[in-house]
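Given next, in structure tokens, is a single chain: the form predicted alone.
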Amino acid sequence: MTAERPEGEKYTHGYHEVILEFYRQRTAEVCAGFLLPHLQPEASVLDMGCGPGTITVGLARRARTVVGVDASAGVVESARRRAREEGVDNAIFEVGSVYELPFGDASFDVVYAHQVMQHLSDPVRALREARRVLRPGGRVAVRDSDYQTMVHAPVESALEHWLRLYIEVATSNGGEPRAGRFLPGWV
């Protein structure tokens, strides 16, 4: 997704400061824990939909280089600032589209995406693009949600209503809020 978003693409969560602050709490240990045991120190990693860069910076501490790509120029600048503040100099951040990644074929050992596919109108196209920039023998690592299977306790009618409404809005925005269940087929 580009900063100007491809026609028809809508990012349901938006870039409100409250949302971004929540995203800033994410870490590679929690959000990419399934990938970390497979990440080699000499790896070149692409983080598609990197947001404010907290996961990206964590990946950069374990890899040779990491490039974070996001649709929002403001979020990319925030991610750059975070990397500088944390003294991480092997993380690069760029504004770009997951549908048209600004990198040559076979550029990365790992392509990672956290909670991105659910927002896309064509996740398979984005995954094909991930495969294009992946080196032979590389790894695509994708994590996403299935909002329809989320449960909570105690049961709150307001939260149940919000969940139904979120699924409806995300779907009408062209995304797939049940993306987690479709990942194996999309890949």
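Residues carry their position along the shown sequence, with the first being 1. All of these numbers come straight from a predicted model, not from anything done at the bench.
One more form of this protein should be noted, the form predicted in complex with a small molecule, which is absent from this view; the next part is about it.
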item: Touches the small molecule in the predicted bound form: residue 98 (any heavy atom, 4.5 Å); value: yes
item: Close approach of residue 138 to the small molecule in the predicted bound form, 4.5 Å, heavy atom; value: no
item: Interface membership of residue 130, the small molecule in the predicted bound form, 4.5 Å heavy atom rule; value: no
item: Contact label in the predicted bound form: residue 9 to the small molecule, heavy atom within 4.5 Å; value: yes
item: Segment assignment from 154-162, 119-127, 58-66, 38-46: heavy atom within 4.5 Å of the small molecule in the predicted bound form; value: 119-127
item: Every residue of 23, 71 and 75 near the small molecule in the predicted bound form, heavy atom within 4.5 Å; value: yes
